[in-house]
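Given as C-alpha cells, the chain that follows is alone and in the form predicted alone.
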Amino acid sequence: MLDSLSAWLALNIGEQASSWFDYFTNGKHLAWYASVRFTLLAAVFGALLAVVFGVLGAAARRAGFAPLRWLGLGYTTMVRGIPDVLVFLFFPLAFEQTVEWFMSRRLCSAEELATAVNWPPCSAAQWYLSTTEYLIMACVSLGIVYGAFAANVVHGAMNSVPKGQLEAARAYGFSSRQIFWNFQVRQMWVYALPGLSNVWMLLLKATSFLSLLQIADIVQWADRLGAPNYSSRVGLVHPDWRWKYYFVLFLFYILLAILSERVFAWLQRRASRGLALHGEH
C-alpha cells in the first residue's frame, strides 16, 4: 500500500514528494510513530495508579491510627521533594537487583556467591527484562511520585466538603467508614479535579523520561532520527535535524495538553451535577 501511494505521488506530484514520503514512512519512522503507545500507556496507567495512591495516602493522613497517619503524612511530604528522574532511576534498578538477589540465593552455588566480583553473582540469576516489564515499572514509578501530589490534592479536597453534610450523615447513623467513602470521597472530586488536572499535566511531561528505562519511546526515536545521517542506505541524507524532531514533540505534547484540558472540563461538569457548591445560589 505504501509503495502504491509512493508511486502515485511520484506520478502526480513529483519525485521529490515521493522521496519525502518514502523517508517519513521508512522502518525507523514507523517505529517512531508506534512508540507513541508507550507514552500514552505510561501516562494513563501511571495516572490511574497515582489516583489510587493519592486516595490511599489521603485516607492514611486522616486515619485515627497514629502510625498510619504518620505514614500518610511522610509519603505526601517526602516523595514530593524527590526529583522525578531520581525515582525513575532508583525504583526500577532497586526492584530489579532485589529480585536478582533472591534469584542468586536459589540458583547460584556457594562458591559463586563467595567469589563473585560482578552482579549478579552468576549468569543464572540474571533477570532479563522486556520492554513490557520496564513499562510496568515506569507506570509504578509515575504512580508513586504523582500519587504523593494527588494525595495532597485529595486531602485538601476532602477538607473542602461541607462539614454540615458529614454531620448530617453521622446523625443519620452512618459509620465513619461509610461517611468517608460514600459522602466525603464522592463529593471531594469536584474540589479535587482542578488540582488533579495539574498533577496530570506534570505526569504527562514526565513520560519523556521513559528512555531512561531502556524504552525506545518518542524522545529516544526523535534523537536517533534527527541525528546527522550521511549514509544513503538508511534513508535521506541530512545534517543534524534533532531540533526539528524535538519541535514535533513540542506540538505532540501541546496537543495532548489541549485534549486533557477538555477532558478535565467535561469531568468537572460531570462531578458537579447534583451538588450544591459553595458560592452557588
Partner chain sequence: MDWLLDNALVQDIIELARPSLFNIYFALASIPIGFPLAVLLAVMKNSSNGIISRVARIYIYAFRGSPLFIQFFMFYSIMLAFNLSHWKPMGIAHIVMHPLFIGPMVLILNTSAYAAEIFYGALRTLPKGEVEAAMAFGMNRRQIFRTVTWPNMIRLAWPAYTNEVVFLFHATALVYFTLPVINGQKDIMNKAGELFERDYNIFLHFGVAGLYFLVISMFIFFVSGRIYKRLMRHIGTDPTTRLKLAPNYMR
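Residue numbers count along the first chain shown, from 1. Since we're looking at a predicted model, the values are computed, not measured.
Beyond what is shown, the protein has a form predicted together with its partner chain; the following relates to that form.
Listed residues Ala116, Leu89, Ala168, Leu73 were compared with its partner chain in the model of the complex; Leu89 is the one with a heavy atom within 4.5 Å. Contact annotation for the candidate site: Ile82, Val85 and Leu202 all lie close to its partner chain in the model of the complex (heavy atom within 4.5 Å). In the model of the complex, its partner chain stays beyond 4.5 Å of every heavy atom belonging to Val263.
When its partner chain is considered in the model of the complex, Tyr230 lies well away from it, no heavy atom lying within 4.5 Å.
Contact check for Gln187: every heavy atom lies farther than 4.5 Å from its partner chain in the model of the complex. In the model of the complex, its partner chain lies farther than 4.5 Å from every heavy atom of Val55. With its partner chain omitted here, the record of contacts in the model of the complex names 149 to 157 of 107 to 115, 177 to 185, 134 to 142, 149 to 157, defined by a heavy atom within 4.5 Å. Taking its partner chain as positioned in the model of the complex, the residues of 195 to 220 that bring a heavy atom within 4.5 Å of it are, in sequence order, Asn198, Leu202, Lys205, Ser208, Phe209, Ser211, Leu212, Val219.
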